[in-house]
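Take a look at this single chain, the form predicted on its own, given in structure tokens.
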């Protein structure tokens, strides 16, 4: 099987997406790549190539001398100042990351955004965005970005957005593996170019706090076991991702660690104010579960609260189980 060559570049980012990728697979990320015939041409953090060798790779790809399976970008692209891209120069090349992205993307069979910064601009474009940061094909939820809304890679696909801050390592490895196997088409992507194998799920699915959610038994402070949606800003019912089904590092997730989901797979998530506080209007959370009309939610919430078992209500406001499940006398346990 011919190798599937990928080139990983890093724009404006914290490096968290690389850290996530390195956590992938029981045998490690490099073994995962090798298993699917993926050859990592160069990566800014893990490659041993000299600067001259790296530049030579870039130039061979840009000239069409060397074929590129996938261009992977981690981090936003800084277009400033004045569209020059000079806020983010790629050291040793004398050229900006903006230059290299726009030169290399048309040469790649696939273009992949690793993380929400590369996909939608993410944290670097928060606030007044003085660096003119942007995602590859989106600026928040607005199509366009650096490459333009009409951009298609050599394989005829838009930018594949492995959203997340950081994305789950499985999402990165499995997307690259699927690309190497030629198993990704437009039907495999959602409206924001996110692979549907994780974007067809909600972070809410598989949450260990779901019993509390069903009865609207809410935590009011951090460390409490109840649902985090009503008071502590959790957006798991609105955010795509299967992060509560596959777990990080074998078992973890934001909500299982006691922290609210901040919808980091969603474009524009960085604009939220007060991540740990639920925005409300007339006492009702502004952000309601996807696909659920407001009136239904209000009615079901009222009904659920009226039927909340004492055990669930007591445990929701505690940092450990204070009332264990019990059967009524005469019932089989």
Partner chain sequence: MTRRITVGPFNRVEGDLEVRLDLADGVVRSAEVTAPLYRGFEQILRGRSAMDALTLVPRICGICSVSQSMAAVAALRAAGGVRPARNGVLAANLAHAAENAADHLTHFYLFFMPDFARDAYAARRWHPEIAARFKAVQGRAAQAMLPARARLLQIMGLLAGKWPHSLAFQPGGTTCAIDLGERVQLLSIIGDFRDFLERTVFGDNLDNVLAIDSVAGLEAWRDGRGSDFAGFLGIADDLALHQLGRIALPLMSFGAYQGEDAALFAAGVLDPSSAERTSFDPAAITEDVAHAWMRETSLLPMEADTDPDADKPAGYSWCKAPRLAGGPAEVGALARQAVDGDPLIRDCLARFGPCVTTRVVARLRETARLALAMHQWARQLDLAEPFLERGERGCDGTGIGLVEAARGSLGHWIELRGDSIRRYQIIAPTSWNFSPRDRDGVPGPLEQALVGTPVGDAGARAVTIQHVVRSFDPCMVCTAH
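Everything quoted here is computed from the prediction, not taken from an experiment. Numbering follows the first chain given and starts at 1.
Although it is not shown, the form predicted in complex with its partner chain is what the next lines describe.
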Partner contact for residue 221 in the predicted bound form: its partner chain, 4.5 angstroms, heavy atom: yes
Close approach of residue 275 to its partner chain in the predicted bound form, 4.5 Å, heavy atom: yes
Non-hydrogen atom contact residue 28 with its partner chain in the predicted bound form at 4.5 angstroms: yes
Proximity of residue 12 to its partner chain in the predicted bound form, heavy atoms at 4.5 Å: yes
Answer option from 281, 290, 46, 295, heavy atom within 4.5 Å of its partner chain in the predicted bound form: 46
Single option in 153, 88, 175, 237 placed near its partner chain in the predicted bound form, where near means a heavy atom within 4.5 Å: 88
All of 165, 250 and 257 within 4.5 Å of its partner chain in the predicted bound form, heavy atom check: yes
One stretch from 65-73, 281-289, 29-37, 301-309 that, in the predicted bound form, holds residues within 4.5 Å of its partner chain by heavy atom: 29-37
Stretch 45-69 - residues with a heavy atom within 4.5 Å of its partner chain in the predicted bound form: 45, 46, 47, 48, 49, 50, 51, 52, 53, 54, 55, 58
